[in-house]
Structures are given as C-alpha cells and as structure tokens.
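Okay, so here's just one chain, in structure tokens, the form predicted alone.
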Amino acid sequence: MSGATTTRRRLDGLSAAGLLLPTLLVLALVIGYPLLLAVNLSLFSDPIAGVPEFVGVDNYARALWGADAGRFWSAAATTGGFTLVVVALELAVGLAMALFMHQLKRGKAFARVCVLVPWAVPTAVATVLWQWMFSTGGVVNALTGAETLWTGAEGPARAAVVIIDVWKTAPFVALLLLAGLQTIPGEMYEAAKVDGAGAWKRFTRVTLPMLAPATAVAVLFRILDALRMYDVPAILTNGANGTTTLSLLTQQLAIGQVRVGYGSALSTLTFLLIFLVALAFIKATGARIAGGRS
C-alpha cells in the first residue's frame, strides 16, 4: 500500500510538472531571456562608433557611486517616496470605495462601472487631462480659488503626480478589496452582533482580518507598479521639480542617448530593487496571502 501511494504521488508530481512546463517555458522566453540579455549588455561599453568593449561593473559603479550617483539615489528616494504615499492613499480610498459598493442594495453593477472608468482610461490620456486641469487657469485652481503653478515647484508637482496616480489606480484596489469583502460569510457579522459588537468592532475584528489576504495582494500589485512609475511624471513634468523616478532616469540618462550598456545597467538595478522589495513584502505577508497558511 505504501509503495502504491508513493508511486501515485510521483505520477501526480510528474503530471503537475507537465502542466506547468508550458507556462515555465513562456516565462523563460518573455522574462528570463530579456533579463539575461540586459545583464549581459550592462557589462559592455557604449562607443559612439566601433565594437562595444567589456567593462565589467563600470556601468553599475557609475550609477551607484560614480558620476551619476547623486541623480540615481535621488531618483531612488523619489520613487520610494511616491510608492509609500500612493499605495497608502490608494489603499485607504480603495477600501472606502469597496465598503460603499458592498453596502449598496441597488445599483451595484452601475457603481462598479462608474468606479472602473478612471482605471479604464489610458495613463497617458489621463495625465494629459489632469495636466490641463492643473494648469494656472484650469479646473483645479478654479475650484480651490488659488493660482497654484502645479508643475512649477517641487511640492505642488509631487502632489500632482500623487493625485493623478491615486485617481487612476484606486479603483483597481477597490475592486480587489470588494472581491475580498464578498467572500466574508454574513454569519460572522451576525455572530458578532449577537456578542454585542458595534459597527466599529465588527469592522476591526471581522472585516479587516478577513480582508487581509485581498489587502496583501492589492498592496503587492500596487507596490510593484508604483516602483516602475514612468508615464505620469514623464508627461506631466518630464522629471522636473523632484519628480524623476528610476524608470524616467533610465530614459533620460541612457535610452534617450542611445547608451544601451548603461541603460541596461540602470534597468537591471531597477529590477533588482523591485525584486528585493517584492521578496521582502512576500516574506512578511506570505502567510496572509496564502489565506493564513504558511
């Protein structure tokens, strides 16, 4: 019996491996190969004419502690700051929207369609629209009664980038959290009411703990996306006034100047940063993402 069980498990393992193999091959083709190619290119120089020469880690040294170190670390700090702020705001706004839609008795489908509109608008189009709204004579200044030059100073420019990103992506977080809310059994709320728990206690003792897996997934997705932020600052300010992110810096220092080796190094460093942040987050919240299982 033990031998039959072992054989069965081996066959199941081989079957699972066979099912996963096509996916792994596609991932290796579309992710693994470009990554290895970028790492390889990052080890070579960018001559104006001639054959690239092997320079080892010189391109990385230039970015981390060489001529461009100041701009690189400034962009890294800006990227990290944007990520912390936009993810926190999107989580708060998305949770409020999800709770509102979950409580609706009528018009749930219509509410979801309305919420999806900002998410459906292409980022470039949304940024251009907001750029017009943030102009001196735009809608935002007209509503606030101010004459703020939103892209002319560091504080307003960064605030504008955050506002656009939150407006665009909070609906995505809201839909993920709404899906999580719909998996919470109603009996848990009834039991909490019987025990005398008020609305706030039901929210903190039932809703938030049960919503933890969906929240962790939403935050992870948004962290990965925010760390790659490019479109909004590129279109709105072109990186001026403290809005240069790592992706935008790569375009400015390398891609725009056709420096393939240096651009590959900057791209690899950005990838490593995103990978390490994602790995740390998954290690910290892995059990919650798995629904409470380690």
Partner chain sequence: MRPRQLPGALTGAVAAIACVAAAAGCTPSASTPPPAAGLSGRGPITFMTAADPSGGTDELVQAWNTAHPDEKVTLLEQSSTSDQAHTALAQNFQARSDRVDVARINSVWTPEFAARGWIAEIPASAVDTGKIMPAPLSTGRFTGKTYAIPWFTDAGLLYYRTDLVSTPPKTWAELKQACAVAKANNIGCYAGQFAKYDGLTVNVSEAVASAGGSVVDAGGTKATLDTPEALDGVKFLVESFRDGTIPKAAITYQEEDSRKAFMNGELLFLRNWPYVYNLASKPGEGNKVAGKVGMAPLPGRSGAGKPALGGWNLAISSYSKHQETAADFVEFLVAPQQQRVLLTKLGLSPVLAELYKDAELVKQYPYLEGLAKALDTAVPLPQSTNWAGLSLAVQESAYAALQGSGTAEDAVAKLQTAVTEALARQ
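Residue numbers count along the first chain shown, from 1. Predicted model, so just to flag it, every value in this text is computed and none were measured.
The same protein also exists as the form predicted in complex with its partner chain; that form is not shown, yet it is the one meant from here on.
Q: Can you work out which of G155, G137, G196, G145 has a heavy atom no more than 4.5 Å from its partner chain in the predicted complex?
A: When its partner chain is considered in the predicted complex, the option within 4.5 Å is G137.
Q: For the three residues R71, A240 and V260, verify that every one has a non-hydrogen atom within 4.5 Å of its partner chain in the predicted complex; reply yes or no.
A: Checked in the predicted complex: all three residues contact its partner chain.
Q: Would Y33 show up as a contact with its partner chain in the predicted complex if we use heavy atoms at 4.5 Å?
A: Close contact exists here: in the predicted complex, Y33 approaches its partner chain to within 4.5 Å, heavy atoms only.
Q: Given that its partner chain is not shown alongside this chain, does F44 nevertheless sit within 4.5 Å of it in the predicted complex, heavy atom to heavy atom?
A: Because a heavy atom of F44 falls inside 4.5 Å of its partner chain in the predicted complex, the answer is yes.
Q: Would you please decide whether A28 lies within 4.5 angstroms of its partner chain in the predicted complex, comparing each non-hydrogen atom pair?
A: Contact with its partner chain, yes.
Q: Given that its partner chain is not shown alongside this chain, does A280 nevertheless sit within 4.5 Å of it in the predicted complex, heavy atom to heavy atom?
A: Result no; A280 lies far from its partner chain in the predicted complex.
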